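Structure 1 and structure 2 below are the same protein chain in two forms, each given by itself as structure tokens.
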Structure 1
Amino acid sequence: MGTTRRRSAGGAWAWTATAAVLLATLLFLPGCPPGDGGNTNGNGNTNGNGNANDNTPGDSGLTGKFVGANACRTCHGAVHATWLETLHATALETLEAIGSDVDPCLACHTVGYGEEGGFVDRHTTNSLAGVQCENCHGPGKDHIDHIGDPAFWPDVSIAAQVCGNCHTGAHHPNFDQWQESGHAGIQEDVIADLLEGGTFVNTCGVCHSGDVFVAARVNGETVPEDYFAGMTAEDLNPITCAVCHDPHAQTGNAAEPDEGRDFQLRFPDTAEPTASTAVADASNPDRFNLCGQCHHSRGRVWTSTTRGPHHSVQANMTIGEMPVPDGTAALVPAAASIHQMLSLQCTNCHMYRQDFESEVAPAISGHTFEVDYDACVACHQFPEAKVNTIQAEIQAALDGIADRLGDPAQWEYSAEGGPDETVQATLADEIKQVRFLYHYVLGDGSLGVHNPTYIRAIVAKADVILTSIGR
């Protein structure tokens, strides 16, 4: 069987893959609270025969619409084998170990609990224990009964709600916090308009559309430019869970996972590329860590005239590199940030996590991707004050550069309110270089924090160039 891409019932693109297993893959933070210890058989349920003490695993009650992962294994053995190594496969054991295998926890640690034909207990429906194929795909009996009919193939979607059905609430608020993040939407109306119109799919789309990212970067597909023609922004999946997390397997890409965990990251948590001035290197996602798959240069250099650096150069800035036209000298010497040396790199500050303590102090999943200063106190006594100081310094330097450049209509990029392309060609190289340096710092977005030494060198270089031309 090949891989078929089709639309889900909601209109968003989805992938029906050779694997009939797509599991929700957000981080497993500490789950349900311990049980009350009052269960006679350790799982809070009686078996189908009413014998509360007989917990011998069995499937006498497995007669409904749910079939269990073993039934999927017949055709999808490879995916089944990798799923067995994930924490989803042993999700019920996780509850049992802490005495929490009770309602309502069972709804997210078994298949179909509370539904007709779903998990009841170990004795009668043991094959439905754990988080399996049908948690994400829905009941599989119709598919098995009509194995060759595409109309009955399970619907596969990368929509965040697939994971959010369970990864929500005070104990594991991954979905809730992701909804507050910039990843949760097609951030800019212009990007949504471009994608709706079926253009710029392989440029803007790769990092602004989860559908395109999974198709192009994960599945290696050639994505046609009319991929989303006729669709609206509401039909598009943004940067959802399955963009960063592998739904089917442990990957070993987490730098320092908690004991027994893996996080199933699609790309390595950390990377240590050597700084380069080559455009091909600066725009090559294969050099960077998970976040750098999108947060990297789009190849613009100081000779570009239409637009400046994209607001995505965080990976380049952290390792202290800046692309220049081929065969030309670096504008600023490379200087890696000390933050690149952190054990988790971007994750250290942008994905601070904290276990559930109480309803008043719920878990923090880190999926807003906003910096939590609690993550910085190990190195900085007053991190917020330090950040404010650096950012005020760099913002003042940028304001000074803009003032010395003068009226933006005379020097800005043509697509950003500057003169047309004809006038752009007549601008002095020094002006082009300074505006590129200026926008490179703005594009990083941290105002100096990602790499203070390198960013100070950038604004200092801009000062030197401006002084050389009497500005």
Structure 2
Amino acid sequence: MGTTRRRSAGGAWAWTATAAVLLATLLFLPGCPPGDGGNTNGNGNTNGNGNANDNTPGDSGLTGKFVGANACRTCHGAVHATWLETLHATALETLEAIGSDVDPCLACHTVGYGEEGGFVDRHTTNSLAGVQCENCHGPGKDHIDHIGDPAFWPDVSIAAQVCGNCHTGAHHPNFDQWQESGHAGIQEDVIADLLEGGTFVNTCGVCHSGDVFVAARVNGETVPEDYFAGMTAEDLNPITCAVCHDPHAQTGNAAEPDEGRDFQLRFPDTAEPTASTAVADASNPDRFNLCGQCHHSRGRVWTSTTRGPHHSVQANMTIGEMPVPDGTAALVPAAASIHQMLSLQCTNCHMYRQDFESEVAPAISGHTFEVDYDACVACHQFPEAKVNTIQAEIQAALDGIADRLGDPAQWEYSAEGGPDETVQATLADEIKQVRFLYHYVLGDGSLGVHNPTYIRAIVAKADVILTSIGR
């Protein structure tokens, strides 16, 4: 497969023209109160199915830089066909159904509204109705007029801003909340590694860089190590909207989408893999759900000496599995979490959503990915207290283990302040096993919640091993 696709991070065109319109729009009428708009369109005719005398759909006003999705169909037929089934394609119908196809609303529900050559009304610019190719890729006229010329290829960007121009505000704050999340940034040291190339683009980038994830994991491309050559930190996309969402298609991957919707997830909300101790399984994203595409083990086992398990073992922990060197026995028997039964798994707790109620109770989109305790009340009366209790219990157990191991300079991983590799080779297997168990729990980050039974079994096993060697 090709690896030469242009990347661009800015989605810059969208900011210049559309943002001004949207900003102006938002100042006057943010969001989408259903049904309270006026009931006339730009021509002063009643809207509806276009049967009023001069309201017949037409394209006489289509003279500018926007050409409409139909003009892309001949050559990009596959993308066009799947896009046509998404809610984006019928976003204007949504407004018409509630009589709100009026000024402040049209900006995010049509192509180029308020811009020269953009949507005016069904009568003059019918081809620009709905959210289309050109909302995300920029105006297409120049491309159509110079098909062979790469200089006019439309922008292809997975930058969150491309979606954030519309998915913002009190009614659908997906972008605003995403910006507050850990997914909106890349760790400084990882950025440096990615820009430098070497081997990091593939080893770290596949989970930490949205560009590499989409190229490698989604599109199956081979990503060269000089992928980011000549770019700066600002050019790198973290875990953006288009990493998790297919911009072009319904996918059927959402476990419980709202009625009539799909959510366009690239991977399923839920997965039910059988627990395994094999390294190849622990680090195989095919086994896991959407979140587990990245939140899984990187394959380290207790014989590793440089570093312990990565901070990404949440999917394995929830299933209740831990990799061990091939052919050796499990350290702790497998035990799936009681929380695996949640209908959306990770998403239940980390992406709790609530509809818009009022400006003081805006929508909660779940896109901060922070745990919302309202997600627990169906099953637990005082979930926060429950979390505090188990976290205190597990933290105390971990502190006890660290105490018994003694000075970290004697037992930690070599890259984490422990002894150098020559001393590592002399450490007892029991010490290596206990430190792995210890870091497996720490790396998961939930301190018990992801899998109460299994995580208690892990710290109990560490205790048994330490006792067996008189520590």
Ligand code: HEC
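Remember, predicted model here, so these are calculated numbers, not experimental data. Residue 1 is the first residue of structure 1, and the numbers go on in sequence order from there. For the two forms, the rigid core is made up of the largest set of C-alpha atoms that agree within 1.5 Å on superposition.
Only structure 1 of the pair represents the form predicted on its own. Remark: with the core as the superposition reference, the CA shift of Glu196 between structures 1 and 2 reaches 2 Å or more.
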